[in-house]
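The chain that follows stands alone, in the form predicted on its own, written as structure tokens.
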């Protein structure tokens, strides 16, 4: 038998390819196939229903539509504040200051806390009996009296969003800080010698040079947030009155509460399709950027 040459690139790629096929491709194809079946877990039977469940999600499922709107609000709001605050912190930490060695590790604590504990912590924070937030909101005039916003359908979504913002800021801070520190100091020094203002330095030098990092972090984090159900499940369980139900929590409820794995797979495919469109849009934007970024 002919020996496989170690100079053949497939020799080195084979373990990775096998890993991807077994742990990514096979589960993905299996999960998609569930969408075409109606499962009866009690009897252990499955019935082929074709595209029937796809028709249901597009024409009959009003909860999916509301979950879609909630997902867009949850993802866009969380992403905006995580990125804005993370970028601001990265700019603050870039040049350093006295005591940064003590402060910087504290800024990254949220990233080390398990999401389950984050949900429990913020539930306590929003509780008017044990937490300070309702009293702080009353003190600044936002509330007439201390109330738990997690029980209010109109404002409940802001509870998990605040918790998610707190959790996600360190991700952008770490990634953007690394990108900022990779820019040579000589570029800034030359710009200052030419009399370029600080704002124009930021606009025409800093932002363009870290634009690739900004795009990839926005892509990764948006996908992460859209699939991030743990905090909502712990804090509100999708309630009250489905006001915090996003597609990820809807998938969880459908699969593990209603035991309808077929329809849960259909919802998952819809979420996958939307995230692929988002990734494609950012990819096209990256291609249109000037070469120097």
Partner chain sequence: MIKNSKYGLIIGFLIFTLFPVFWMFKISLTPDRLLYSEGIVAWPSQVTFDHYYAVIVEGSFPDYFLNSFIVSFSTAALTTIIAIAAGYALSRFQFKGRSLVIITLLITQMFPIVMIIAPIYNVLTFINLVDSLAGLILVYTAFNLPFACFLMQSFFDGSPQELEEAAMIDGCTRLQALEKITLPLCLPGIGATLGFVFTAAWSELLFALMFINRQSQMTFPAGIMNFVTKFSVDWGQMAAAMILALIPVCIFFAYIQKFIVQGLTAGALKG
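Just so we're on the same page, rigid core means the largest C-alpha set that superposes within 1.5 Å between forms. Small disclaimer: the values here were computed from a predicted structure and weren't measured. Positions refer to the first chain, counted from 1.
Beyond the structure shown, there is the form predicted in complex with its partner chain, which is absent from this document and is the topic of what follows.
Contact between residue 188 and its partner chain in the predicted complex is not found at the 4.5 Å heavy atom cutoff. Taking the partner from elsewhere, residue 202 is found to have every heavy atom lying beyond 4.5 Å of its partner chain in the predicted complex. Residue 192 falls outside the set of residues with a heavy atom inside 4.5 Å of its partner chain in the predicted complex. Its partner chain is not drawn, but in the predicted complex it has a heavy atom within 4.5 Å of residue 213. The partner is not drawn, yet in the predicted complex one stretch among 148-156, 193-201, 123-131, 70-78 has residues with heavy atoms inside 4.5 Å of its partner chain: 123-131. Contact annotation for 221-248: residues with any non-hydrogen atom within 4.5 angstroms of its partner chain in the predicted complex are 223, 224, 227, listed in sequence order. Residue displacement note: residue 272 has its CA displaced by under 2 Å between the shown form and the other one (rigid core superposed).
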